[in-house]
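Here we start with a single chain on its own, the form predicted on its own, put down as structure tokens.
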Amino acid sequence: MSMRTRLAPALADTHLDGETKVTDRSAAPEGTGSIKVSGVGYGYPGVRTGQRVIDDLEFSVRPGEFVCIVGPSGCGKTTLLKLLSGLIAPEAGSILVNDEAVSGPPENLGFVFQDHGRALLPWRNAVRNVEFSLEAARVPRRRRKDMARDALRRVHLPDVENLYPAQMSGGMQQRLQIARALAATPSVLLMDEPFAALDALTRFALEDALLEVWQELGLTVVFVTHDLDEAIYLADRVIVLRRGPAHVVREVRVDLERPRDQGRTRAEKDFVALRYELFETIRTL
């Protein structure tokens, strides 16, 4: 049995009528954490219908699954995350998150951006940055600080709550952004190349921290990356998009044993074979 199955679902905070209570996510409604994209099309203003960025896109993500999205530059990966998060609306098709149609930012969804420097609020210290998401979720003031501190602990930042973003390294700032996304205990976490600007060792540490949180909380994660090794290391499944317009050309199942190890896992024959398979797919697009 894998670590993923052995771990019990974490306790999650839900907010009803302004009050906060603790509930077991194992009792969550069926479909919580699921994503279904059906026939989705989108083109930016000024782009002709025949030149959509995304057209007739179809895929689904199961509750608790970790899915990575890869593909050549300009294939619409970031646009796809904006559609999933309700920041923009599709011109065609439908998107369901938690079995509900997306018509704006869904509840129980967190988003981690690539540019942590612009995503964080420089005038707020670490704990107040995390509290920002709890304010938006209308969590009562008396609960916010404890929940923010717990989120910082989950990403291994227990002693920085009074530091401001400018006093932190890039890796610490990205951990802080992840903590903010996790504070309101989402069921779905969208991540747009969150580790791309970091050095290799910091990126490896954050990948492992993310997997710990994913396993502990039972999250559904959709993670966009250009790094094929990162996609294979993190994912249960890798979805490959092509541009002109974007659609799914391949889905690759990653059956590598969990928990994964940065040295051992990346040296396995199956890991190397998956990298070759993905590379050969993308370079012909």
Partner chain sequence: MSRTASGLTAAIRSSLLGLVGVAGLTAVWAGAVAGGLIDGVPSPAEVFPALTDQLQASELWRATGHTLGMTAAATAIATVVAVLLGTAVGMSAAMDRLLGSTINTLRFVPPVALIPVVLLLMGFGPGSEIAVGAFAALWPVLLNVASATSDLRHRFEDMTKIERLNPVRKLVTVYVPGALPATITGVRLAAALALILVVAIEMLAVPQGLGHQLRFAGDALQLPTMYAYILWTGVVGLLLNTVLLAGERRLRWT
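Residue numbers count along the first chain shown, from 1. Computed from a prediction, not measured in an experiment: that's the story for all the values here.
Another form exists, predicted in complex with the partner chain; not displayed. Remarks below refer to it.
Participant: Just to confirm the contact call: exactly one of 155-163, 209-217, 105-113, 90-98 touches the partner chain in the predicted complex at a 4.5 Å heavy atom cutoff, so which is it?
Facilitator: Stretch with heavy atoms near the partner: 105-113.
Participant: According to a 4.5 angstroms non-hydrogen atom cut-off, is Arg141 in contact with the partner chain in the predicted complex?
Facilitator: No, no contact at 4.5 Å.
Participant: Spell out, yes or no, whether the shortest heavy atom distance between Phe132 and the partner chain in the predicted complex is within 4.5 Å.
Facilitator: It does: once the partner chain is placed as it appears in the predicted complex, Phe132 has a heavy atom within 4.5 Å of it.
Participant: Taking the partner chain as it sits in the predicted complex, is Ala136 in contact with it (heavy atom to heavy atom, 4.5 Å or less)?
Facilitator: It does: once the partner chain is placed as it appears in the predicted complex, Ala136 has a heavy atom within 4.5 Å of it.
Participant: Flag Leu83 as yes or no: does it have a non-hydrogen atom within 4.5 angstroms of any non-hydrogen atom of the partner chain in the predicted complex?
Facilitator: No - in the predicted complex, heavy atoms of Leu83 and the partner chain never come within 4.5 Å of each other.
Participant: Check each of Ala205, Leu198, Ala119, Met168 and return the one that places a heavy atom within 4.5 angstroms of the partner chain in the predicted complex.
Facilitator: By the 4.5 Å heavy-atom cutoff, the listed residue in contact is Ala119.
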